[in-house]
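To begin, one chain is listed below as structure tokens, in the form predicted on its own.
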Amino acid sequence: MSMPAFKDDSPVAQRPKLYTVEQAKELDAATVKDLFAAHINPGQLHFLKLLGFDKILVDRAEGMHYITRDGRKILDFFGGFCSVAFGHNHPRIVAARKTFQDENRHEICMAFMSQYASALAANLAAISPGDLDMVFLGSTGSEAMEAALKVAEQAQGPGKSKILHAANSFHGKTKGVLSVTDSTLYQSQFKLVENRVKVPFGDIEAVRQALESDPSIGIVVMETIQGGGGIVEAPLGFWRELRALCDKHGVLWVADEVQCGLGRTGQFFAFERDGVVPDVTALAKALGGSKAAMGAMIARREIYMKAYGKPKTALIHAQATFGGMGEACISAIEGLNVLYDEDLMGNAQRQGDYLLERLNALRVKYPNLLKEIRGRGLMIGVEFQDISETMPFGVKHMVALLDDKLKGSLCGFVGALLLKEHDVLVAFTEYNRNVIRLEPPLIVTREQCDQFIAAFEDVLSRGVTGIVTGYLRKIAAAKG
């Protein structure tokens, strides 16, 4: 007896209208803007329009430059918040990725051990000082910092689970690290982790008082150089004293090197300058060779084993689905070798020193515009004066009432003019809005530094009136 044929009365799924890769590549700026507003972040588009960034569509990127659809070469002194250490599409890293693809190597390999993740972890352990040798691989800085705080808290136990962090800190936007990111804007109305206490950044006496008065503090987490805070460093000697205090009170020190690590300051880790080693650190941004999303937590073996060293605890924070993906790992492996083979850390030191020298000369020349130049290697902050300080003495005190509302406007005007008139891209800071961040790829040359300085001085030479009127003309022309 034959079985009746199966009858499917369900409606046939209609194929949605989807963009192909080629169609996506050919989209014009106006269409991209519409799609961005409709499906990504319409509020963010407001700021892109203010700076004129909504008119630009990047077609490709090479070395130190973005190349736009209409052929403009934009000098990248932004560096993706320190993500583009190797420049755009470094040929060695691109070649390594192509070989990986051509050989049909495995990408997601959760059921087996990965030779690429293992080799990358070994490389990071070899580079890291002291006994920082246990590695967790993820995709982002937030993920790496979540892993760093979790391994420290797990090792310390519930009796010492309180976290001491710094004012003006930025550690990420996922919910755990958001709790120690000092931003009312980012924290918004979210229910945050409560086992935390805040002290001023770089204030060793405040740290000492906190640790002595509260034995439940078991973790100190700080950026070695604050990025979102405006490229701010702690006073010399702070990290050595912090290390001593942590040892005295049985506290674990977590050093966030997501932005300042990987050679940006002239050394692999920024904390190495002070001859100290944290208990846990984190890298991301440029770790993927400026081609892949890659983050890493690196902990002292003793701490890692205390937290996750037994079979019953091993899976509490094990490798995630996309942690240690094959192509991301080989991008990072090749990137680390390029860093040493091409002396990019040495170049960061040399070009950074040169930029600081040239910028400080401009500060002396334009004191009514530039307040302070600070930084190390190729992580530099240029702080502008408040608007009132650029005004004649007679009106200065009246304009001062508007300084807070106008904070960041001068930076925005200068950044917009650098892009519009000189094809130079710079970055801004989250908290101190008067600061322009200079974080170019570590491959930058002396000639490119000179190109930036010439463009920057051309804008500064107009004075505040010329800068503002130049920006307003740009806006009017864009609307016309």
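Remember, it's a predicted structure, so these values are computed and weren't measured experimentally. A residue's number is simply how far along the shown sequence it sits, counting from 1.
The form predicted in complex with a small molecule is left out here; the points below concern that form.
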Contact segment among 234-242, 359-367, 255-263, 84-92, judged by heavy atoms lying within 4.5 Å of the small molecule in the predicted complex: 255-263
Touches the small molecule in the predicted complex: G218 (any heavy atom, 4.5 Å): no
In the predicted complex, G377 touching the small molecule (heavy atom, 4.5 Å): no
4.5 Å heavy atom contact, F170 to the small molecule in the predicted complex: yes
4.5 angstroms heavy atom contact with the small molecule in the predicted complex for S142: yes
